[in-house]
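Have a look below at one chain only, the form predicted on its own, in structure tokens format.
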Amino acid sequence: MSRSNPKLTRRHLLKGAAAATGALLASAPGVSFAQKASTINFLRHRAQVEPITILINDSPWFPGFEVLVNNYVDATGNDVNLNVTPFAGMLEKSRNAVQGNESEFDILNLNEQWYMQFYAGGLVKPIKEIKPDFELDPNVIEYDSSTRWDPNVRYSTPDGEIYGLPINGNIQLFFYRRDLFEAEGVAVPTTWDEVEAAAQVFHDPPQMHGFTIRSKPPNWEYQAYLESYGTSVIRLDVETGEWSVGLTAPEALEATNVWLNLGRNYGPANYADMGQAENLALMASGRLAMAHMVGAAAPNFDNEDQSVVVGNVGADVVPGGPAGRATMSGIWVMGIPHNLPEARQVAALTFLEWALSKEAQLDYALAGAIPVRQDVYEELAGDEKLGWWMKAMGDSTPYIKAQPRLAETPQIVEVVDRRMSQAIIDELSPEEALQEAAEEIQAILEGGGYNVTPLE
């Protein structure tokens, strides 16, 4: 494997190993002809697919992905280049790759808020067009149909065709100070009302804050509140093909008030300026009792160089409201560009199938990345080091909800972030923020040619 340029290859080593092993086996006593032939044939065919280049973002989970790729190269002899790119450049590079005569990349790493553009435009190849008998292992989590696309309704649906495969299983978790909860005899909250009750016990600013929200930007975590109250930013009725905007529903106002109340009353004084890094630092510094954030934050709390609460943080499924619990998906999928020769498509799929195997995903998880298999979470639930949050990840699978997945998603997310930020600082009332956001999103959907029901 190499980054950007092929500096490392094992193909010539494997060819030499095949010859040497063949000679050794030929004279080895007690080894059958069938065994000899099988072993020699395996070694000679380990590196029979084209080298591939993967476009991958430079991220906290990249070291785990690098281990995954190194393991693949070691196991198969197949060559892999990694083009490691800052997040800000990923979308442009991906778009450019699929617009030319032949993509420079064999695999694109696509964010959940982008992938629909590539699915809808046929810019990545449906997996069964590469391998007609392909079947997705049922242990691979699909994250509310993120792997699929139905062109008839222009959305990801459970019976859509598979276009991409998950590689980074980011979802949200609920983190809490296990030592404090045990000392006070407080049960781990399962509802937002219970979160507030627990926050009242622990909130003692500035030394300790009961709970915090992510306010910069707010959209991802905020959507979990909407879902737990039975509404969402947008929703598709698959049977009728009609879209609706859920921000004017009474449930949206209830969810928004709960979200604002928790952030304002139990967070730090700068609650309107709390991003993911700030929330993580507050918990790691021992000044936060509870937080709702990305599951990938978990290893930071056990890092002695970054955290004073090592061994004292617990994790659980995100609490819920009247409609139940919800955790928002924030994953990455990998797609194979449409403009590749068949041999390169086959080579790309060979890697993806290997990468999603249980053994590969176990190593991936142990290297610090976020696996995408349910059986891996179940196996690691009892792990002495990782079990405390791997179990919570596995327990969260039934509650995964999708973010909006339309070509217009970036526009929709911008509206939610802007209007909810105005509500946080009292520039708009919650009612005004929701109404303004709903009208803007309604206009975006109508402008995109979607069949949209009138606002409530």
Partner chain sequence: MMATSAVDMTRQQRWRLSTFLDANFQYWALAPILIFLAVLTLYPVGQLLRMSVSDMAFVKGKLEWTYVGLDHFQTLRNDPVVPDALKNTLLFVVVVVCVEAVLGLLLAILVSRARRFAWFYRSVYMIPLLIPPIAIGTIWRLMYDYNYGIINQVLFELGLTGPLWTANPDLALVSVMIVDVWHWTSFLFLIMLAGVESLPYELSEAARVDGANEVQVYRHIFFPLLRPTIIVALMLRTILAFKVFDQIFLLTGGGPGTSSEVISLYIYKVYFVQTRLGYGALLALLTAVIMSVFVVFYQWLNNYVNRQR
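It should be emphasised that the depicted structure is a prediction, and the values quoted were computed from it without experimental measurement. Residue numbers count along the first chain shown, from 1.
A second form of this protein, the form predicted together with its partner chain, is not displayed here; the remarks below concern that form.
- Contact annotation: residue 282 falls within 4.5 Å of its partner chain in the predicted complex, judged by heavy atom distances.
- Interface residue remark: residue 358 is not counted as part of the site for its partner chain in the predicted complex, having no heavy atom within 4.5 Å.
- At a distance threshold of 4.5 angstroms between non-hydrogen atoms, residue 261 is out of contact with its partner chain in the predicted complex.
- Although the partner is absent here, residue 292 sits far enough away that none of its heavy atoms falls within 4.5 Å of its partner chain in the predicted complex.
- No residue in the set 140, 374 and 428 has a non-hydrogen atom no more than 4.5 Å from its partner chain in the predicted complex.
- Though its partner chain is absent from this view, in the predicted complex it lies within 4.5 Å of a heavy atom of just one residue from 235, 385, 95, 128, which is 95.
- 123 is the sole member of 369, 252, 326, 123 with a non-hydrogen atom within 4.5 Å of its partner chain in the predicted complex.
- Only one of 224-232, 243-251, 193-201, 208-216 places residue heavy atoms within 4.5 angstroms of its partner chain in the predicted complex, namely 208-216.
- Scanning 337-351 for heavy atoms within 4.5 Å of its partner chain in the predicted complex gives just one residue, 338.
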